[in-house]
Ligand code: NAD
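Below, in structure tokens: the form predicted alone, a single chain.
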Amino acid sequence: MNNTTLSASEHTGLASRVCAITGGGSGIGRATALALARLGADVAVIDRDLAGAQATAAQVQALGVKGVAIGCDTSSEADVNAAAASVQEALGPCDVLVNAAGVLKAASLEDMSLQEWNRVISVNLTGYFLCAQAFGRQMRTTGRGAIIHIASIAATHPTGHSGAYAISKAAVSMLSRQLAIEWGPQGIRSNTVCPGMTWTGMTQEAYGRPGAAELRGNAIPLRRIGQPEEIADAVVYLASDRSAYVNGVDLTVDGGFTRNLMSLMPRTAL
């Protein structure tokens, strides 16, 4: 019997893997970058907010692995291609891509301008496509790779006044599935993580209002809003060798909220 105990990094196979995280300057992206670094991965932090990316990269380096910060507008093909080249030069070919960059413009579809619509779609969907293309080329040189896209429970549950956000996230889910079947034969897996209500910079204004977090938390079976680190844990699983046969799935991480919808309906006498 083999009684060897594997370390966490050995168990996940993430040690020395090159991981690129878009939107890594804050929120779920930052939590993911740090979670991967703790398991020995080298991390490229990609964000429009270069200062935020640099702050995350410094925290990554403090964990004893390589960390680089790259300023990039992921909706720009030129920016993305340049960022991918920088990652390869600094760290080597990309093994793991986490598409976490995102924007939300609150608006009804009736009132949303074309400019606002295009901005949400360009970041939340086109940016994911561009990054998958650019970093996927590197993955094909090694014959392996894992791409994890941050979608949302809004992908399957439309939310009023969210403008193009829910629509973009639904499209991300299909993008991921398409990549899974097209690139699976080349050793590249593609999956999504669909967070429920989570504390991030994007949601701080809503959840930070008096009583808002408690009110929303009461609709969740676990009775609380999620933390970015809890979403990052799901990303780590899909990035790791422990999910080597998982491809084309949407992993919901929402404390059971979407399973609780019927329980939220007003009860009527039978």
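A residue's number is simply how far along the shown sequence it sits, counting from 1. Computed from a predicted model, the values in this text were never measured in an experiment.
Missing here is the form predicted together with the named molecule; even so, the following discussion is about that form.
Screening 184-192, 156-164, 110-118, 94-102 for residues having heavy atoms within 4.5 Å of the named molecule in the model of the complex returns a single hit, 94-102. The listed set V60, I28, A44, A41 contains one residue whose heavy atoms approach the named molecule in the model of the complex to within 4.5 Å, identified as I28. Only one of the listed residues (A83, L179, M139, V123) places a non-hydrogen atom within 4.5 angstroms of the named molecule in the model of the complex, and that residue is V123. Contact check at 4.5 Å (heavy atoms) against the named molecule in the model of the complex: all three of D49, C72 and S75 pass. Under a 4.5 angstroms non-hydrogen atom cutoff, the named molecule in the model of the complex has M197 among its neighbouring residues. The named molecule is not shown here, but in the model of the complex it comes within 4.5 Å of a heavy atom of A151. Interface membership of G201, defined by any non-hydrogen atom within 4.5 Å of the named molecule in the model of the complex, is confirmed. At the 4.5 Å threshold, heavy atoms of F135 stay clear of the named molecule in the model of the complex, well away from it. The partner is not shown here, and in the model of the complex the stretch 172-193 never reaches within 4.5 angstroms of the named molecule through any heavy atom.
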